[in-house]
Ligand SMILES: Nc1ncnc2c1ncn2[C@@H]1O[C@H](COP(=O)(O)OP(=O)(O)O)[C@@H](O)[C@H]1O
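Let's start with one chain on its own, the form predicted on its own, as structure tokens.
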Amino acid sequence: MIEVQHLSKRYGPFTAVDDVSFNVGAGEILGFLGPNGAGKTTTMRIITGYMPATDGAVSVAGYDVFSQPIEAKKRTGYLPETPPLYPDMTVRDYVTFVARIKGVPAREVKSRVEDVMRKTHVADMASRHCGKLSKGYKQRVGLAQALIHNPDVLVLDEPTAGLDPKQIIEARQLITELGGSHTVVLSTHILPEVSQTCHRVVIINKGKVVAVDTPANLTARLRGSETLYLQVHAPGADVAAGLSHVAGVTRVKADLHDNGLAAVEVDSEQGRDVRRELAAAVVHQGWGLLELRPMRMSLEDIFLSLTTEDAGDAVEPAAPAPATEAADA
């Protein structure tokens, strides 16, 4: 649905976006992450046709953004970081105005306006002037204008900025629902939001893509091993020594507590499941097994690993997948 190939944007000697490539499949929700100044907003503006590129190609729903801009924009809904509202218009008048300029058939305008105001929870503010709205309501009206023409693709730059916790949950639910019928590219600094709503993530740093994958796959690739957490009751025992002999185990770290409990991290060879063997070893030693679960790096850990100065090339972007390709950049 979205294809970005070798995209670059330069301002004189400064390169804001440097040879960025990735694809987004139909109905997919893609999280677009990076520190401030990484090139996220520039990339999103190019995808939506608001800014020309220096090099590269972008297509949306099969239409080239540069040679067929009108057709591409018809199929794109864009919520920029600052919602493009007219302060002297009421919410209903503004959304109606946007519907008309985006080519919604006249007979459908009224129903579409009511529908998107309901979906974005701004119907109670329909008669309020946009300039008098809170930041959270302005953000939701901005999302309404992006949705009004029922586009194939939604590009959302910080869609939950300024929302309160309840509004964030509502916006997250709406984005998840939209993912089935729309392709969504979502830029955000709220990393748990990405974990809960996005199928894949693109992480960009200093204008370059440093990773394209699911959070779970990124965890495995960064760790280079499988890690399990165990809590066992083994008073006075050398837990590390008792578990290190298990086949496939590469590292055991045990923290012992005065009450006889031990918190244990066990690394194993990548792709090898040693849970059954570990449980058997604990039982054989006569210890009590209180907990056994996989350990995952959080998205925050992944983000920091890939965007710190000493980890700029930590993970190569994933190879293309059949339905939702992720091209190397």
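Position 1 is the first residue in the sequence shown; the rest follow in order. Just so we're clear, the structure is a prediction, and the values are computed from it rather than from any experiment.
Missing here is the form predicted together with the named molecule; even so, the following discussion is about that form.
Exactly one of Pro35, Pro69, Pro294, Gly56 has a non-hydrogen atom within 4.5 Å of the named molecule in the predicted bound form; which residue is it? The residue in contact is Pro35.
Of these, 36-44, 272-280, 257-265, 59-67, which stretch puts a heavy atom within 4.5 angstroms of the named molecule in the predicted bound form? Flagged stretch: 36-44.
What residues of 6-36, in sequence order, lie within 4.5 Å of the named molecule in the predicted bound form by heavy atom? If the 4.5 Å heavy-atom criterion is applied to the named molecule in the predicted bound form, 6-36 yields Tyr11, Phe14, Ala16, Pro35, Asn36.
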